[in-house]
Each structure stands twice: as C-alpha cells, then as structure tokens.
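Here we start with a single chain on its own, the form predicted on its own, put down as structure tokens.
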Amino acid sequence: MLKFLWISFWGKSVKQRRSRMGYLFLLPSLFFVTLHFIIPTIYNIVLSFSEWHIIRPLEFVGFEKYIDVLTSDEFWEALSRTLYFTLLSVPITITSALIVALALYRIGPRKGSALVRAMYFAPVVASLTAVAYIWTWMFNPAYGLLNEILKFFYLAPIQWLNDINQVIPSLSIMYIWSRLGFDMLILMSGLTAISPDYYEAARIDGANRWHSFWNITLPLLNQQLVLVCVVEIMMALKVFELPYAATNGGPVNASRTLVMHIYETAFQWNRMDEAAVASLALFVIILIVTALQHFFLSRKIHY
C-alpha cells in the first residue's frame, strides 16, 4: 500500500520525480506569495467595490467608489505631482548612473577603484527615511550645508524644501543620490559582460569612441537599461518615505505623492474603500508603463 502511494505521488520515471520534487521546493514560496500578495490583492479588489466601515460588514456599491476617486481633485493632483517627480528624477538618475558606470569601467581595476564603487553604492544600503533626514539637515535654509556653500560664493540662499516650487526638485536630488549606486552597479555588470573583441573590431574599421558607444555599448546594454528604467519608474511612482519623512507632504501639499494620498485616505481619514481604488489605479498605471517600456525599449541585438 505504501509503495503504491509512493509511486502514485512521485511517479515511476526519474523525470516525473524531479518535476514533482521541484514543485515541492516551490511550495514555501508559493505560500508566501499567496499569503502576502494574492489574497491581499483579491481583498483589495473586493474592497474597491464596497462601502467599508470599521464595525459593519462590507456592502457592495458597484463603481460608486471608482467614480468618487476618479472625479476627486485630490487624487489627480497627487498623481500629477508623482508624475512630475518621476519625469524629473528617473532620466537624470539613469543618465548619471550610466556616466559613472562608464567612468569606473574606463578606470578598471586600479588601486582605489573598489573604494570609489563602494562610496557610490553606500546610499543604496541606507533606508530612504535615513536619506530624508540627512538631506533635510543639508537643505535647512538657516544652517544647512548647501546654503552655507551658496553663501561662501556670495549667492542667495534657497528655500529648498520650504518652497512649493522647489520641493519636488529637492526631493528629486535626494532620490537621485540614493538610487544612483544601484543603477551604476547594474550597468557596470552589463559593461563587463561586453566582449572587448567588438571594440577592437570597431577600431580596426576606423570607428571612434562615440561610434563605439552608440553602436556597440548602448545596444549591448539594452537589457540592463530596460531593467533600470523599469525599476526606477516603479520606485519613483511608489515613492513614500522621502516626502513623508522630509516634508510630510508639505508645504501646502506640494510634495504629497499618490502613495501618501493612499496612506492618508486609508489610515487617517478611514476611507479604506477609496484607498483601495487609488491603489488599484496606481497598480494599473505601473503595469501599463512597464508593458510599454518592454514593448518600445527591448531590443534583440546580434553581432
């Protein structure tokens, strides 16, 4: 009987046994994903079609909450600020990371190069909350380091986080500083994977450095560039810790991002149903943007 059960579960062939053993090792991960992602997502969808109350059961209301959220000025203002932050931060972050990666690749394994790479990567290890507190001190208009530098050069001090027109660019500086090292490391791994034979053949054909960069380096870095684009846009659209710790959404809600709007709607105003709709809208935006990036940016390169 036990032998029959053993053969029924594991199979007779070695291929069947290996396949089922693989599924067995996947069970802990599948349980974690189900518990922390699939079940909350399903509940969030159900909640978005319901009237939520802290003590009463859910009441189905159809698309009423979707209409309330999508016609709300607060939602669209928070989304516009988030998109502004993303469009300002992500291109500069990726471009700066590419420049640094090319410079470090050009330096090669010289003495001190490992320390330089570690210095660029160090901010990635720190939490965004710690980054926010560090830069809040540096941006302080009264005694901050950056304004002291401006005073040294007889320049007028800047309000940084205290001005509604300067707060998003100031937060972008924080974000770029904290994320540059991660992108640099990904791009460095892509650069080291490019065979030097391509550059040697290009030099023999008379190509200069710009031609080699445009026709060899960038195409062969396509996978890494698409990866950092996807990751950085996702991170920027979901940004929460930086504005929450640095400005708490101020001044006058000028740095109140979409995730901050979702957080306050759910946990300060106790409107879980509307927060569920806003979070689903953010999920759809990230999904569409990611799909478009893969469609328009991904290229198969063959040399």
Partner chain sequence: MIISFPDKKKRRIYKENFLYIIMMIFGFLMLVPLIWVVLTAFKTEPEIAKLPITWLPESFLNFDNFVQMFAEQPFGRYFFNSITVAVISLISSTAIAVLAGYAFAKIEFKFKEFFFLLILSVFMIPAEVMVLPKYLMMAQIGWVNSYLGLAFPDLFTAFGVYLFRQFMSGIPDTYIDAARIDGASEIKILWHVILPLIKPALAAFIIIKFMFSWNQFLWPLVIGQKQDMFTVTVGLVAFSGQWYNQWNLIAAATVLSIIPMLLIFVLLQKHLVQGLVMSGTKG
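Not measured: the values here are computed from a predicted model. Numbering follows the first chain given and starts at 1. Here the rigid core means the biggest group of C-alpha atoms that line up within 1.5 Å when the two forms are laid on top of each other.
Just so it is clear, the following notes concern the form predicted together with its partner chain, a form of the same protein that is not shown.
Colleague: Contact with its partner chain in the predicted bound form for Val289, defined as at least one heavy atom pair within 4.5 Å: yes or no?
Modeller: Flag for Val289 set to no.
Colleague: Check whether Val61 has any heavy atom within 4.5 Å of a heavy atom of its partner chain in the predicted bound form, and answer yes or no.
Modeller: Contact check for Val61: no, nothing within 4.5 Å of its partner chain in the predicted bound form.
Colleague: Quick check on Thr41: any heavy atom within 4.5 Å of its partner chain in the predicted bound form?
Modeller: The answer is yes: Thr41 has a heavy atom within 4.5 Å of its partner chain.
Colleague: Indicate whether its partner chain has at least one heavy atom within 4.5 Å of a heavy atom of His36 in the predicted bound form.
Modeller: Yes.
Colleague: Just one of 211-219, 67-75, 176-184, 83-91 has residues with a heavy atom within 4.5 Å of its partner chain in the predicted bound form, so point it out.
Modeller: Heavy-atom contact with the partner occurs in 176-184.
Colleague: All three of Gln159, Leu225 and Thr257 touching its partner chain in the predicted bound form at 4.5 Å, heavy atom to heavy atom?
Modeller: No.
Colleague: From first to last in sequence, which residues of 129-168 have any non-hydrogen atom within 4.5 angstroms of its partner chain in the predicted bound form?
Modeller: Going through 129-168 in order - heavy atoms within 4.5 Å of its partner chain in the predicted bound form - the hits are Thr129, Ala130, Tyr133, Ile134, Trp135, Thr136, Trp137, Met138, Asn140, Ala142, Tyr143, Gly144, Leu145, Glu148.
Colleague: After fitting the rigid core, is the C-alpha of Ile39 off by 2 Å or more between the shown form and the other one?
Modeller: After core superposition, the C-alpha of Ile39 moves 2 Å or more between the shown form and the other one.
Colleague: Once the core is aligned, does Val252 move its Cα by at least 2 Å between the shown form and the other one?
Modeller: No; Val252 is a residue whose C-alpha shifts by less than 2 Å between the shown form and the other one when the cores are overlaid.
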